[in-house]
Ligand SMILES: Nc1ncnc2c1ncn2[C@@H]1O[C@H](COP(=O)(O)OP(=O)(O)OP(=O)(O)O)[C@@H](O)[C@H]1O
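A single chain, nothing else alongside it, follows as C-alpha cells in the form predicted on its own.
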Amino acid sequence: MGMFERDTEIYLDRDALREDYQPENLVGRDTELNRYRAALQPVINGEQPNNIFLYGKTGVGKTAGTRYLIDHLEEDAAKYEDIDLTVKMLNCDGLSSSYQIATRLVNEFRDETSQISTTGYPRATVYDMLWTELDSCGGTIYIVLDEVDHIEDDSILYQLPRARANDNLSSAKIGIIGISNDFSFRDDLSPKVKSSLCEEEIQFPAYDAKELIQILQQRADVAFHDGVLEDGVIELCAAYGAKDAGDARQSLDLLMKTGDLARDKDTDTISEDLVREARDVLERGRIQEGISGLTQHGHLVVYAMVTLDQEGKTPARTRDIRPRYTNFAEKAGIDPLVPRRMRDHLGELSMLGIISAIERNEGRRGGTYREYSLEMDPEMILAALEKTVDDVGIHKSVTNLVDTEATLSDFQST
C-alpha cells in the first residue's frame, strides 16, 4: 500500500464547496439578480450598456452573481449576429492607481508579443493606447472591476464611462461594472464619477440564515455522499454564517473544514459537534491571519475595541473609541493617528470580520454615523495581541481574560 490512498468515504466532490465553484443556478439572491439582469438587458437590445455599481460585504454574492450573469449574457449575445460582446474582468486587489488599471487593460487586449510595461509611459499616452485597443476591438465591451475600492484615484472611473462622449472612441460601446466590498467607497467618489459609474446601483445585503441554508444545501448535495451529513449540520453552519455578517464564503469554508475534520478523524458521518470544533479552528486561524497583517496602530484599535467590549460599552462610535485608542498609543510611545486614519483601521477591521459596523441615521439633527462591535472571541484576540498587551499593559477590563503564560500558538494546541 502506498503512502497516499484515495479517500472517498466523505466527499463525492469536495471542490463543490470551493469559492470558485459555479453552480448551474444561484440561490438566495433572486431580487438582486433580477435587478442586475435588467441592468444588463440593453446589451441584448443592441443599446449602449449601463454602467453598474455593486456594493455589499465580502461573501454576499456580488462576484459570483456577476460571473453567473455575464456567462449567460455572453452565451445569449452570441445568438445575435448584430451583437459583438467582449467582457474583460480585472480584480483590482494590488492595483491601486488608475495608471495601473489602464496599463493592465491595454495588455488585456494585446497579444503576448505586444505587451507594455506597467511603468514609464505618460498617463495620457497609456489612455491613448487604451482608446486605440478598445476601438480596434469594437462592438460592446464590458469591463468588470472587482474590488474597485482598491483604486486610490478615480481618473479611470471617470475616463472609461465618458470615453465615447469625450470623442475618445468612435465605434466601441463601453460599459463598466464596479464591484466594491466597502460601503463608504461610493460616498468618497467625486460627483462627476459617481454620476456615471453609479448609473445603476445594486446593493447586495448580507445573507440571512434561511438563504445560507439554501446555498449550503445546494453545494452539499454535490459535495458529500448521501447520509454523511447528520441532521442539523447544514442549519448550524448557516447559523454561524448569519452571525459572521451573512458571509456565504465563511459558511462554505466551515462546512469544508468540518468535512476535512471528519476525514482526518476517519468518521462515517459529520455531526454538529464536529461543526463546532471546525468553527473554533477556523476562527483562531482568521484572527491570527487578520491581526498579523495589521499595523501597530491597527493592533491598538483592536485592543481598544476589546476593552470597550468587556466594559459593556459597545456598540461604540468612533468618538467613543478614540480616547481609549489615543491612551494606548501614548502608553506604547507612538503618536496617535488623526481621526480619519483611525477610522480607516476600523473599516479594515470590519472587512476582516474582527469587528462589525452598523450605520445609523438620526436624520438632519443627528446625521449619519457608524457604530462598531466586536465580532470574534475576545480571549483569542488578546492572545494574538500578546506584544501589544505587553507594550501597553493589561487593561483592568481584560485582566480575567489575559493568561500571562499563554500565546496564540498555545491556544491552537489546546
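Computed from a predicted model, the values in this text were never measured in an experiment. One-based numbering along the sequence shown.
Here the subject shifts to the form predicted in complex with this ligand, a form of this protein not shown in this document.
With this ligand omitted here, the record of contacts in the model of the complex names 25 to 33 of 383 to 391, 25 to 33, 38 to 46, 343 to 351, defined by a heavy atom within 4.5 Å. Although the partner is absent from this view, Lys57 contacts this ligand in the model of the complex, with a non-hydrogen atom inside 4.5 angstroms. Of the heavy atoms in Ile101, none are within 4.5 Å of this ligand in the model of the complex. Contact check for Arg14: no non-hydrogen atom falls within 4.5 Å of this ligand in the model of the complex. In the model of the complex, none of the heavy atoms of Ser356 sits within 4.5 Å of a heavy atom of this ligand. Contact with this ligand in the model of the complex, defined as a heavy atom within 4.5 Å, holds for exactly one of Thr86, Thr326, Thr269, Gln218, namely Gln218. Of the listed positions (Lys331, Lys313, Arg276, Arg249), a single one reaches within 4.5 angstroms of this ligand by any non-hydrogen atom in the model of the complex, namely Arg249.
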